[in-house]
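One chain comes next, on its own, written as structure tokens: the form predicted alone.
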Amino acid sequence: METITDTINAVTWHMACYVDDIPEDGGGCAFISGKQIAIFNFSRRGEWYATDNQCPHRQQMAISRGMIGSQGEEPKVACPFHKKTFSLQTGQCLNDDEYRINTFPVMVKENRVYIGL
């Protein structure tokens, strides 16, 4: 797997997939450095996001299969099993303060999607 190290910002960029591997306005999953990472192509907004794939509510690896949308200006994903919604920017659960997921930076370069860890 291709990696790019940014020593200034202490981020290593991992090539996760190609742009065409993730459906428009949908998500997919990549296994990077021992973690399942959910990747979202929010094409309606022209933005990409990455989060943990594991939902903290039931510990299911399912976030990448959730529906994406917006709550006001906040991009969000809903867990497909119990509909808890999470901010794609911050990872905070928008309907239960008890839960949150990790978010990761995304870089799209030359038709490749990179995730920063």
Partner chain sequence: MKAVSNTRIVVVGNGMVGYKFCEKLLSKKKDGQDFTITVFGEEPRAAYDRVHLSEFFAGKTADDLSMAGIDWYAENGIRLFLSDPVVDIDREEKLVRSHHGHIVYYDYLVMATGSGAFVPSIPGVEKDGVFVYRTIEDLELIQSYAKKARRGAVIGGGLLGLEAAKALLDLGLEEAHVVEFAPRLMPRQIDDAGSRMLQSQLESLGLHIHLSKSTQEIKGDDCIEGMQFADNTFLEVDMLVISAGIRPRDEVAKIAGLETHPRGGIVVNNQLQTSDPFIFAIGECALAHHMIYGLIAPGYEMADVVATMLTGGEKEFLPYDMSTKLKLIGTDVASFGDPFVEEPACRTIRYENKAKGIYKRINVSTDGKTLLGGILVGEAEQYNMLLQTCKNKTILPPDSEDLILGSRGGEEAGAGVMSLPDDALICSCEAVTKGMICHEVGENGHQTVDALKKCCKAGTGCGGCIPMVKDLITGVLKEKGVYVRNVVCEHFDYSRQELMDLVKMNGLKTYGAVLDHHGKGDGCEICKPVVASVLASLWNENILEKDRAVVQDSNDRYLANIQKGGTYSVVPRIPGGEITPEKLIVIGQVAQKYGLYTKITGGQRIDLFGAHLGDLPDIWEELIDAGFESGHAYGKSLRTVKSCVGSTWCRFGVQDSVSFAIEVEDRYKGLRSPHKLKSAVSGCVRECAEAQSKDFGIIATDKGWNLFVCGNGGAKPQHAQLLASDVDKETCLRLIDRFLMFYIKTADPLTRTATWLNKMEGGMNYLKAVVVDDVLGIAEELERDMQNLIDVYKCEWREVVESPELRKRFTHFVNTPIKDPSITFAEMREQKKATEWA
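Remember, it's a predicted structure, so these values are computed and weren't measured experimentally. Residue numbers count along the first chain shown, from 1.
The discussion below concerns the form predicted together with its partner chain, not included here.
- Its partner chain in the model of the complex comes within 4.5 Å of a heavy atom belonging to S70.
- Proximity of G26 to its partner chain in the model of the complex: non-hydrogen atoms within 4.5 Å are present.
- For T85, a non-hydrogen atom is located within 4.5 Å of its partner chain in the model of the complex, even though that partner is not displayed.
- Of the heavy atoms in V106, none are within 4.5 Å of its partner chain in the model of the complex.
- Shown without its partner, the chain has A16, C17, D20, D21, I22, P23, E24, D25 in segment 10-25 as residues with a non-hydrogen atom within 4.5 angstroms of its partner chain in the model of the complex.
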